[in-house]
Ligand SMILES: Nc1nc2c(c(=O)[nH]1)N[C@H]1C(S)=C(S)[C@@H](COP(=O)(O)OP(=O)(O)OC[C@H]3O[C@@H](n4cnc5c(=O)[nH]c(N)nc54)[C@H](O)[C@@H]3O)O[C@H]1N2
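As structure tokens, one chain now follows by itself in the form predicted alone.
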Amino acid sequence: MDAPRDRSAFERAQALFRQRTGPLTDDLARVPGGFGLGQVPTRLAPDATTSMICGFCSTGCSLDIHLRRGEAINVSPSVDYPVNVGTACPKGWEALTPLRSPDRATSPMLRGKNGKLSPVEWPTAIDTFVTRFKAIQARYGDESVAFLGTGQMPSEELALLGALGKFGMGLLHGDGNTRQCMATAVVAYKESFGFDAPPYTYRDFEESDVLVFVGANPCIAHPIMWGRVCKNPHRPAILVVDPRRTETAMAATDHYPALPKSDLALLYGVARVLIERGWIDRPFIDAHTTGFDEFAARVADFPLDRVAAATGLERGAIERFAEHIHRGKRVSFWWTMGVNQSHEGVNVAQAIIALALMTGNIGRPGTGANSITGQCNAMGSRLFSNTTNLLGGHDFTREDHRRKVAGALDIDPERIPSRGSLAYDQIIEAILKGKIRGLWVVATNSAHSWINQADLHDILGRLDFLVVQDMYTTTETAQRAHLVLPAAGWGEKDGTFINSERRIGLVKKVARAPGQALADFYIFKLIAEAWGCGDMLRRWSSPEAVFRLLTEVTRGQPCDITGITGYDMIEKMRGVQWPLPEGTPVEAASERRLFEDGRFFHADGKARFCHADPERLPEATSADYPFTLLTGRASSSQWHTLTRTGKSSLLRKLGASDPYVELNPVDAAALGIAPNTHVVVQSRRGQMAARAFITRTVQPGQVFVPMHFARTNQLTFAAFDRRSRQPAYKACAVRVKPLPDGKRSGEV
């Protein structure tokens, strides 16, 4: 691909940016070609210790960052932060290591006529970006270019990307990788509560006398949260619904190993028992909910015999489940990817919500229907990415919402689209159909993480122009790009994250990005100027300036944070949970839950019982593919596709380095597979070699493969929840065969 000769777009961007930001200092002048747009220098003392939120999972732990001569050299968990109180998981202790990896993207890379990526200067990169995408839009229309974002960036960058893409560049279609982890919970909460509103605070882990975990393994996936469960002084009953005997299930009072994706039938059966025996809170139902009678009629069709047949559980186990809930005074219900990543995840999440509502277990300490978020800033993505909803939880389709947001941002309301975007899977489908010809992927590794990986590699290859903006040049997606833009990572920029309990915390610049890498914020600003929409974003001058804009956007919304005056307040208060409307007093480090007044966010102030019949598993087992594949997190030291945690030699030692598959001893014996021998796991889409781990943690007829390995998603089946459009990673049909003698993992 030839670089464009005319650099006027870049030069115009550079000049306008200088006008709006004033003199540039420190490392701002180190980029070749007079570019001058590096990072805002840290304001911290050279040998200070400061604290900031970890950039891995949604727990939102605070880490103390220790500086020497202005650069971060080490971390330790903050002892005074209400989330983690002096603890950290292995990933947190190694938070700085991924910044120092030798495969960091340090300059823009452009694919030439020889098919290879080669370094170019920023002016060439920015001009190529603008020229190529505008050419695609001119030929095929504005909707022919789309973007895919992430839950890994600060809220301010997410908002700027969404505003630039949708208000400035005319990209109607943009979604994020949050679709892969949290879309189901978003839809369930919106329909049941009237807003995407996880109601809990982490203190509820310590105040429940019954905790129900459905499709969740916090012992491994959220170990700091599990630590708070272990601090519970009430000797709580812990109930775990999971086909696999996970680490959390091993510690449970009762484990309910329901057959894969039979959760809905189980929850409806439990609801029926509660109703039949009068173990419900009728005054709460009548005062604060609608639709209960219709829900009761639905679950009446799930007697114990039907539920036992569907789930593989005994009748007595189902009755015991209901009895635990009945005896509890403070029952909390928790779920995560085992529910969300399902072909009927929204229905299952709403059945969990129904159990909380019908027993009055919401709005009080130790209660709630509580979705545990995935990525570090998935909550920020849900509120501020401008993808599934307009900024601040507003609705693209409502004119009053568009005008309100436009007024807060001082932009023309006509710039805001009046309809929503295609979802992630629909964007991929539109590429396959030739409707989307250009794609901008920011801080996510779709070619590894997307379901049915092999198909996605083929589809990405059909694009006229693929831009990947990331920390590393070595990701599977970056390797397919026509243009790579080098981005700063966590710890190399400023902003805010929102954790699972809705707590807003700070991210700070404690290290300089390597080479010519820039914070995503400043890449977006440069593109805006070069595109010609920089004037529209003139007030978006810094991350903190954007945060102040976002607080105003939330005014009057359930997530109203107009009471947060700025970053200094967040620092002083040790994080602030939303909502916090202007004038609301709040104590430092306080923990607050929603719905304490019994009012929800629908117009009538009531929550809704939502329900639907169970759907068939999209891909059932057969004689040729007799096993159900389960996938999930395998170690507290590993994170998603290992793009970052894989850079740490320590974390690699703590987790499995080679792919493995868990097999029940009964199945292993039938197949003639011995422990630690090598096998091949095959689906109708692909195969992977793995080491056999023989264990009773999986039931006969099921196998488990960790999500982290590159080939896992060559096996998964591309099914989606029809309402949330979330992929169903957790169940498909596979077979397992011994590898021929002498062959090992990776040789298939």
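Predicted model only: the values in this text are computed from it and were never measured. The first residue of the sequence shown is number 1, and the count goes up from there.
Absent from the display: the form predicted together with this ligand. The rest refers to it.
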property: Whether G338, V442 and S635 all lie within 4.5 angstroms of this ligand in the model of the complex by heavy atom; result: yes
property: Close approach of Y472 to this ligand in the model of the complex, 4.5 Å, heavy atom; result: yes
property: Contact of P123 with this ligand in the model of the complex (heavy atom, 4.5 Å); result: no
property: Distance check, E501 to this ligand in the model of the complex, heavy atom within 4.5 Å; result: no
property: In the model of the complex, M707 touching this ligand (heavy atom, 4.5 Å); result: yes
property: Partner-proximal stretch of 123 to 131, 238 to 246, 454 to 462, 293 to 301 relative to this ligand in the model of the complex, 4.5 angstroms, heavy atom; result: 238 to 246
property: Heavy atom within 4.5 Å of this ligand in the model of the complex - the one residue of G393, G269, G368, G374 that qualifies; result: G374
property: The unique member of A607, M153, A183, I362 whose heavy atoms fall within 4.5 Å of this ligand in the model of the complex; result: M153
property: Stretch 472 to 494 - residues with a heavy atom within 4.5 Å of this ligand in the model of the complex; result: Y472, T475, A487, A488, G489, W490, K493
